[in-house]
Structures are given as C-alpha cells and as structure tokens.
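Below you will find one chain, with nothing else, as structure tokens; this is the form predicted alone, and questions on how it binds or moves follow later.
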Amino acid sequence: MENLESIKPQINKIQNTALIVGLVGIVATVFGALSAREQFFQSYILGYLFWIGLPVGSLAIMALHHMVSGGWGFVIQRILEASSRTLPLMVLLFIPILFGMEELFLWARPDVVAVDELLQHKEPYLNIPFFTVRAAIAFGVWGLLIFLITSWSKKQDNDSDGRYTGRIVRLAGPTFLIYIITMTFMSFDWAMSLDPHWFSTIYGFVFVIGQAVLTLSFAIVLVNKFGKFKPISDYIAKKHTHDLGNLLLAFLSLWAYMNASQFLIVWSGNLPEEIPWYIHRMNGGWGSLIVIVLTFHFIVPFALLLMRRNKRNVNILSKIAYVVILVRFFDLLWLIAPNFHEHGFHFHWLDVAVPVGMGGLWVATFAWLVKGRELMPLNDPRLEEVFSHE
C-alpha cells in the first residue's frame, strides 16, 4: 500500500474536516431536538433518506461494474467499496427513526387509524413491528451482499488465480436485482407511507434511480480528487471520465423519464386519491422548488453532458456532479417535506443542521474506510485485459 501513502494526507484532511463539521451539526441537532421534537424527526428522515442513498447506491453501481467490467468501474471500485461499507453507520442512525414513528407516520398513530377506514385496511402491512422487521431484513440483505463482495475483493488482492473475482461476478447480477426489489419496498416504507393515502407503483424506481445519480456524482467528485495520485493516475484516462459522464447522463435521463411518467399517469387519471399529492407540491411555494430541481437536476446537466469535452474534462465533470449532489437534496426535500406542511413551503434550520451533522459522520467514516485498501484492485485478473484493450 505504498501508493496510498501519497494520498493519505488529503484523505486525513477530508476526514478531520468532516468530523469537525459533523460535530457542529450534531450539537445543533441535539439543541433542535430538545426545542422542536416534531421538526427534528421531520428533518431527520430527510437527512437519512439522502445519506442512505450512498451506501446502498454504491452497492448497486458496484454490482453493475462487476457485471460489465468496464474501465470506468475499476477507477471507482474502491470508492464504491468504501462507501458501501458505511452501511453499519446508517443502521445505527436508523434507530432514532424508530423512536419518532408517531411524529412521522400517520399510520403509527392509533387514534388516527381508529377513524380512518383506509388506514385500517392497510394496517396488516403498515404497523410498527412489521415495519421494523422489513427494515431489519433489508439491512441484513444489503449488509450480507456488501460483506461478500468487498471481502472477496480484498482476498483477491492476495490471490492471483481469479477465483474470488469469479465469485463476485456471479453474485453481481442477483445483487443488482435484489437491490432494486429491497430498495423499492424501503422507499414505500420510509418515504411513500409518510402520506399513506397516496401510492404510486413507479415510486420505488424514482428512488432507485435517484440513488444511482447521487452515487455516480459522488464517485466522479472523488475521481477528480484522487485521480492525480497513484495507482489511479496510472490507469485513468479521458475515456473513463467520458464513460462516467455518459453513465451519469443516462441515469439523469432515466430519472427524468420516471418522474415524467409518474406525473403524466397520475395527472391524466385525475383520481381524488392520487392527484392531491401533486397539486399540493405544485402550489404554496413548492412549485418553485421543483422548477429548480428540474432545471439543475436534469435540464442543465443534460445539456452540459451532451458535450463531449465536458465529459472528458474531469474538472468540469466534477463541478456538474457537485451541483447534482446538492440538487438531489432539494429533490428529496420536495418529495418529503410537503407531507408535514400542508399550508405551503416550509424550511427549518434543522433541515440543514441534521443532514450536515449526519453527513459529517458519514464522510469521516468513509474517509477512514477508504484508507484501508489500495485505490485500484491491482490483482484483479480482468484489470490488465480491460485496460490493454482500452
């Protein structure tokens, strides 16, 4: 791991800065929780849904990489592995949500369920014990898949016959499918059930694609930071940033398609149990927010990523990725916050403090994990073949 020594000072700087920012955010969060309990939980679920997207999204992109074995995947493989291994932190951070169930979910309030026929009908599924079991199953499945893939990847570093790589490749396809299924159900539980009277069968895919966009953007930012150091600098070329840009363009387009499909289906149906969800989010200030999201989460990045030179310039590509990451948060704000504020746009300082505190802990943990391995899977038998053809 000699090559890692040259980049450790930069990673240590990221880790220390993240810890300081995270601690400030946590102190503010604790103060907010004591003074505004209900708002704390509302901000907490927003921050959690943002940061959980990185470890599980990394699992998905990691599986995609092992299925296709392209050069772009090798230059971000270690980033994805370290990101996915932050899942235990996110499991711990999920615990406060269990203490705020009644503040967050209408279906968790017995007095509300008692007078709501629809919630009574959904009670066999939407109840706290089953909700907790489903979350535990999802975390367990994700954790097992992450453990297998990343531990086999580490063993491959000390093995030259490729047997561990073969295992990873065989597991990659089922992993990708399992992720889509489990994340779909968790998006129903953690986000869509905040308004239990509304439903959309495409909602889970909106979350899945959003997490892929977030993860790719995060990886691109770090490729820009780490790509100057060995061993990544020995392998990375403009072709790989071009491929990452194309992949980000594809997922952004798919995100827009999924959202447009959901909107058109709901709007054309014009059903009283579906259309109010959109009407609420198009008025009272929320409509302005979605215009910002559409502009900077799709229209502007789409236009910029159509240009070949922008995708082949990692500095420009990383700036686009930074914007996408930021606007991803506002996309989640538009999805989540209106469930709690019926009378128009609302933004509380805890909506910043909680995600910042949570994010500081996550980034510091990620930085600690990324220092544990070489930045390229140098003993992967596919590496020489892939890069010799490129």
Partner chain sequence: MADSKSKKSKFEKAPIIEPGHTYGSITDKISSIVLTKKIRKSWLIGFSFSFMLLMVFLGSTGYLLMKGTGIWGLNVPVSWGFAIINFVWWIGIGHAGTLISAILLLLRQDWRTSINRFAEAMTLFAVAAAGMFPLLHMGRPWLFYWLMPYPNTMALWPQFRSPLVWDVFAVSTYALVSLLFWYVGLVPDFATLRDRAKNRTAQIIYGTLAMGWRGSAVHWHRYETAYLLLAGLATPLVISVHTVVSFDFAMGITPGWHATIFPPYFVAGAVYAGFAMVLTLSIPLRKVYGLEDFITMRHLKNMAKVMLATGLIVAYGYMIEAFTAWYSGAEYEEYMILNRMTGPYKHLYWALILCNVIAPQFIWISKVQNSVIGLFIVAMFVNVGMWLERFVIVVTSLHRDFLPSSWDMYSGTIWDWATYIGTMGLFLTLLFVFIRLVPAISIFEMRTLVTDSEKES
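Positions refer to the first chain, counted from 1. None of these values were measured; they are calculated from a predicted model.
Same protein, other form: the form predicted in complex with its partner chain, not shown, and the subject of what follows.
- Interface residue among S261, S151, T295, S288 relative to its partner chain in the predicted bound form, by the heavy atom within 4.5 Å criterion: S261.
- Residue in contact with its partner chain in the predicted bound form (any heavy atom within 4.5 Å), chosen from P88, G140, P276, G269: G269.
- Checking 108-116, 212-220, 92-100, 194-202 against its partner chain in the predicted bound form, the stretch whose residues place heavy atoms within 4.5 Å of it is 194-202.
- Taking the partner from the other structure, its partner chain in the predicted bound form has no heavy atom within 4.5 Å of any heavy atom of N158.
- When contacts are judged by a 4.5 Å heavy atom cut-off, N310 does not count as touching its partner chain in the predicted bound form.
- Of the heavy atoms in I180, some are within 4.5 Å of its partner chain in the predicted bound form.
- Its partner chain in the predicted bound form comes within 4.5 Å of a heavy atom belonging to P124.
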